[in-house]
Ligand SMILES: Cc1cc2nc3c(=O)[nH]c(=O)nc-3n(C[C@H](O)[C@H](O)[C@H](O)COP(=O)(O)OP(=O)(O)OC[C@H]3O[C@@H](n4cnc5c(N)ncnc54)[C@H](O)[C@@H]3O)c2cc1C
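A lone chain, given as structure tokens: the form predicted on its own.
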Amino acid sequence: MEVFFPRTLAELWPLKAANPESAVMAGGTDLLVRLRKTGERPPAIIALERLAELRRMSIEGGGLRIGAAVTIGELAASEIVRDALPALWQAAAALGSPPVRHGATVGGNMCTASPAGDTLPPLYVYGAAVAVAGAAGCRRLPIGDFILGPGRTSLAPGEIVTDIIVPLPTGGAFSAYYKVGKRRAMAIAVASLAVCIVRTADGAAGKVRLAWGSVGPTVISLPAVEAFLAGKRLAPDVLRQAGAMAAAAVLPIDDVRASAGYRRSLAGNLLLKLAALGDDEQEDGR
């Protein structure tokens, strides 16, 4: 099995055209495990981690452009991500072990399209877009249109993800990522929740964005719950009502990590995390 390491996108497209059945990887933390487990032998692997075009992070036009081959460890170490996108920073820090974070990439986490992917709920609440490219050109689409189901994306044959573009929240926005696993570290999420809330002048919730992981076939957003919370103070009784709405609306399954019923309870109870936040904490996003 051949392994190719293109250094530019211009080198990549001819390789993909000549090896249409090849597997594409960056860190390989998902692909290599799957190949060992299943015994699959793709005719070739095209590794993307040496493409400098996919390794950059930069602020452009009010958003953070994250190259698809930026590692999860680089996200967790970034002061820009920590200060501007706290929910994404927390998710990166919670993903796997240090060696996994060193190898796993943002684009890989997205293309794996796991309902339990840690970076996905924050990217949903921030309104991220996915930049996709192929030999024929480039396109951009919202993350919710990119991820179609477990392990399924809208990538066409020959395309790769090049960048994730994350709008920076307005000043005063609070965002966070909450995760429940079967252990305190290196756990796959049993349920998770990302929130991004902009408060009004009187301290109520204004714009509310919520996204749950591991409680449906994809990340789940619930506009009815967001609308219910908008304009209200996040008191425990309000959050319990919102939690009941969320628990009734999510679509969890039973698996080896948890039952569907337990996941429903978690989906609602995670909203109660917001009740413990003081006014000052909500204003600085920590």
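Numbers follow the displayed sequence, beginning with 1. Since the model is a prediction, treat every value here as computed from it, not as a measurement.
Omitted here: the form predicted together with this ligand. The next part is about that form.
Although the partner is absent here, Lys232 lies well away from this ligand in the predicted complex, with no heavy atom inside 4.5 Å.
Under a 4.5 angstroms non-hydrogen atom cutoff, this ligand in the predicted complex lacks Val190 among its neighbouring residues. Using a 4.5 angstroms threshold between heavy atoms, Leu9 stays clear of this ligand in the predicted complex. With a 4.5 Å cutoff on heavy atoms, Thr112 counts as touching this ligand in the predicted complex. With the partner omitted from this view, the residue of Ala116, Ala84, Ala205, Ile143 that lies near this ligand in the predicted complex is Ala116 [heavy atom within 4.5 Å]. This chain lacks the partner; the member of Pro169, Gly216, Gly73, Gly96 within 4.5 angstroms of this ligand in the predicted complex by a non-hydrogen atom is Gly96. Only one of 247-255, 56-64, 218-226, 23-31 lies within 4.5 Å of this ligand in the predicted complex by heavy atoms, and it is 23-31. Contacts between stretch 48-78 and this ligand, counted in the predicted complex as any heavy atom lying within 4.5 Å, involve Leu48, Ala68, Ile72, listed in sequence order.
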